[in-house]
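Let's start with one chain on its own, the form predicted on its own, as structure tokens.
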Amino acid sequence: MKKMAIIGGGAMAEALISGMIVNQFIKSEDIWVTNRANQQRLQYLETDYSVNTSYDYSELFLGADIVILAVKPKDTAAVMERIRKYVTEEMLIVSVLAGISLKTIELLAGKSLAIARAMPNTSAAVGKSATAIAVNQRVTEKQLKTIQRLFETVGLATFVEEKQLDAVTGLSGSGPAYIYYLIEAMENSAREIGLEQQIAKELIVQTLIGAAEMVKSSAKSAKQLRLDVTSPGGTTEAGVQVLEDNEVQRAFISCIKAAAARSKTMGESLRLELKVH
């Protein structure tokens, strides 16, 4: 790879920059970043990561192999209008724009392009994202490997059909928020039963890490692992029964379905707003 151009300098762009550099996917001097007008943000990225920044698109795109689109979805049309003449069919376009389809990007570009659409989550900031990726038919086998290596610098990466990305958004894209919600509830309960805040946090975090590792390393299902620690008449059974009585599992299922449905609705709304059919 000779050069990468990143359009957008927000949190996700920074997470990708950090992951790619730390994992030696690309050298910092081969990364070029731009945004709409936040020069202070670009200066920060340049200082902290030794990347190049520029508002000169001719300089930004010259010799670029990969272009990462990391702007707000509502700005997609304006961004594509600005960069259209600089994007060539030899470049690989990688989008992390929620709700913007592969077809929409290609139509806005006005030319046939190799495009990958990825749905990482905020855990990319600590190298633990769960990223799902869909690609169009112009993406080559070599580019597929490049895309996977790119997103593996910030966590797990897997390929799916584009129609599955709304479901992925509801499950893992929004997933960290569900876990934080659970942690929040555990912290509140710890306070009510008299545990000191810092001790409670350490216990909760380690409990979650341990449970996740058990699910990852064990051949048993999550249900079986739960049953293994739920002794008849014991403390765990008492707690789980309250969750059952309050239909917490059903609430989580409804939560994920609602998020997936909203992702689909937002995508359709953005497509209509961008006037792309």
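The structure displayed is predicted, hence computed values, not measured ones. All residue numbers refer to positions in the sequence shown, first residue = 1.
Below, we turn to the form predicted in complex with a small molecule, even though it does not appear here.
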In the predicted complex, the residue from Val71, Leu92, Leu150, Ile105 with a non-hydrogen atom within 4.5 Å of the small molecule is Val71
Evaluate Ala185 for contact with the small molecule in the predicted complex, applying a 4.5 angstroms cut-off between non-hydrogen atoms, and reply yes or no.
no
Answer with yes or no whether Asp75 is in contact with the small molecule in the predicted complex, where contact means some heavy atom within 4.5 Å.
yes
Please check if Met20 has a heavy atom lying within 4.5 Å of any heavy atom of the small molecule in the predicted complex.
no
Can Gly170 be called a contact residue for the small molecule in the predicted complex at 4.5 Å between heavy atoms?
no
Contact at Trp32, Gly63 and Ala109 by the small molecule in the predicted complex, all three, heavy atom at most 4.5 Å
no
Of 133-141, 157-165, 192-200, 95-103, which is the one stretch near the small molecule in the predicted complex, taking non-hydrogen atoms within 4.5 angstroms as near?
95-103
